[in-house]
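This document opens with one chain alone, in structure tokens, the form predicted alone.
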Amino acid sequence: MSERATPEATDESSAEQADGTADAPTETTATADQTPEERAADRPVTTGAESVIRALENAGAEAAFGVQGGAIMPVYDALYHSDSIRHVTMAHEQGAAHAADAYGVVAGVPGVCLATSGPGATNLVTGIADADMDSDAMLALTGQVPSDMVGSDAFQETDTTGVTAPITKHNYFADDPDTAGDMVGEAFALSEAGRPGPTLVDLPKNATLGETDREPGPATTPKNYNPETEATAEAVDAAARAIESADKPLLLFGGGVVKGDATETARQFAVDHGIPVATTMPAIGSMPEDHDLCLSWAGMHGTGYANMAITHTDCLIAVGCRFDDRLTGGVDTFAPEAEVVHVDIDPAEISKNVHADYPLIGDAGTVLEQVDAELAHSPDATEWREQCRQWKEDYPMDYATPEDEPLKPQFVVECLDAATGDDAIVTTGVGQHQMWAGQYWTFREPRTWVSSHGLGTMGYGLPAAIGARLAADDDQEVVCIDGDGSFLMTMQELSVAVREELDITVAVLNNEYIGMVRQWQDAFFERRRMAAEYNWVPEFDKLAEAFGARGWRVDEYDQVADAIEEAVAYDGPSVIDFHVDPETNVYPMVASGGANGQFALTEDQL
């Protein structure tokens, strides 16, 4: 990742000193509405661990997900005294990282996860890497053996900062109780600033147990971290002239539109200038998918009409998008007729994968406002909009439901969508079910689609639903659409949902395969289904009941609506085991490295 910070050492002088005359610690607790000064007066810091928790409180953290263990115990002991941070004990550290990631996606603030040293820290790694690939704000706190034992192969020692350096925006080794809290505050602020990403603070036990009376200051980014928010006037002028003269302009919203809270500005820009919109998968929901201008998401399994628009546009205005290979297919055939306007806060993304004719470095919303102000007129795109509308008719997202074939997964997704509110949050694992969820659920709001995009982590869905539940409004439904393979990887987190009494509906699209692998084996490996077929899977409805959740099994179309209605109405975790057609494939599909405009609608077209 390009925007990795190289912050200066934490500025000790910026931290507020505790009142030296403070009394000994009391049993009073901090609340979310207290000021840092009030917290310091009620419960002065006496150890490094307490300064860590105080830093989280000062940053406004309200939730944390983790698993206890030897080296992180002092931090947990300090967390015991905090009333403003709700801790959720997860079944596995990977689940903690995914829950924190999803919490951040939905809440728009960094999620926090904790783990002990050694295996606790390494179990976080997949979740940290996932957040890194998707530019999600997240702070990981890891325990560590005492500093004087580092390098001795002590019990549960691992080089956490070394292991996580390539997959974090920045990480810290906080071995001084006087500065540990400030480092945590800085890591929290850095995680969400500019291009978001995960940060990590490794906390040796001597630092967390060590005495200090230093009150950490407010969460602030390093002094040398100053991402550009506004594009230069010259660049804006050039881009505006290109847009004005375009005949076939197309906006491509990326995840940066959502993460930069630029959704309203971006939507208004599209509507004001009559420019059709395609999105990337991370940007699902940034444009209402039932809007006339919306072409839904593009790429390997995106809609045919979005991929046709990208193939034929003469001016692609990409906002907050990193042009990953699942979007572009073959780069040489991506938007071949277009001049590319690329808006991104991270300069290293400019021309990394796709050449930008008009680079605009800055915050997504700010730069769109600059371009809007500079445009003398909107592009004349009447014929182009009609062409895009025609492609919607030519390549509809539909499917057949023959009576003599098993239940279709697309039908299940559409029924779930119909039974829940427009602002319902959907989390997914990775595989065919993820694609069907993205294709057949009509998203209308940002931060309602929570999935693993860049890393493609099976098992993401259920722990993500737990994190999303804590971040969501009370009246927002949370639905996890999972596959049987993904669900089996992290289903132990169902125990957490039951213990915490979380209202989550899990829909397992059970085809007894690692379905996407099976689809690729059929298409590209002459149907040799090696290690993709599950000869036996558990009865997920009964497992749900064993965990203390509610469970249903559904095999037929006429069972779908009732099961969904009961599961959604149930105030607690529920699991519906939908036995779906094992031979159903995901289409449209652009072969890996292929041209977006040559998408397949059946296997024989690949």
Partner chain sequence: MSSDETPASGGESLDAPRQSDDAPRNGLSGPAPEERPHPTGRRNSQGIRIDPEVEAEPKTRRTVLSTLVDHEPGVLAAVSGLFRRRQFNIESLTVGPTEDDDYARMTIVIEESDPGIEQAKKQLEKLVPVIAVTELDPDAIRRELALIKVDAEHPDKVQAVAEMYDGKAVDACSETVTVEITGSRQKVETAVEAFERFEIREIVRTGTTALERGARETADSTLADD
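All values derive from a computational prediction rather than experimental measurement. Residue numbers count along the first chain shown, from 1.
The discussion below concerns the form predicted together with its partner chain, not included here.
Student: Looking at 107 to 115, 82 to 90, 442 to 450, 486 to 494, which stretch has residues with any non-hydrogen atom within 4.5 Å of its partner chain in the predicted bound form?
Tutor: Only one stretch passes the 4.5 Å heavy-atom test: 442 to 450.
Student: Would you please decide whether Phe334 lies within 4.5 angstroms of its partner chain in the predicted bound form, comparing each non-hydrogen atom pair?
Tutor: Yes - in the predicted bound form, heavy atoms of Phe334 and its partner chain come within 4.5 Å of each other.
Student: Does its partner chain come within 4.5 Å of any heavy atom of Lys408 in the predicted bound form?
Tutor: Lys408 belongs to the contact set for its partner chain.
Student: If you check in the predicted bound form, is Arg214 within 4.5 Å of its partner chain, heavy atoms only?
Tutor: Outside the cut-off, so no.
Student: Does at least one non-hydrogen atom of Thr420 fall within 4.5 angstroms of its partner chain in the predicted bound form?
Tutor: Residue-level check for Thr420: yes, a contact with its partner chain.
Student: Given that its partner chain is left out here, which of Lys205, Arg195, His342, Arg469 has a heavy atom within 4.5 Å of it in the predicted bound form?
Tutor: It is Arg195.
Student: Just to confirm, with a 4.5 Å cut-off on non-hydrogen atoms, which of Asp290, Glu386, Asp77, Glu533 contacts its partner chain in the predicted bound form?
Tutor: Selected residue: Asp290.
Student: So which residues in 584 to 606, when you check its partner chain in the predicted bound form, have a heavy atom no farther than 4.5 Å from it?
Tutor: Thr584, Asn585, Tyr587, Pro588, Gly597, Gln598, Phe599, Leu601, Thr602, Gln605 sit within 4.5 Å of the partner.
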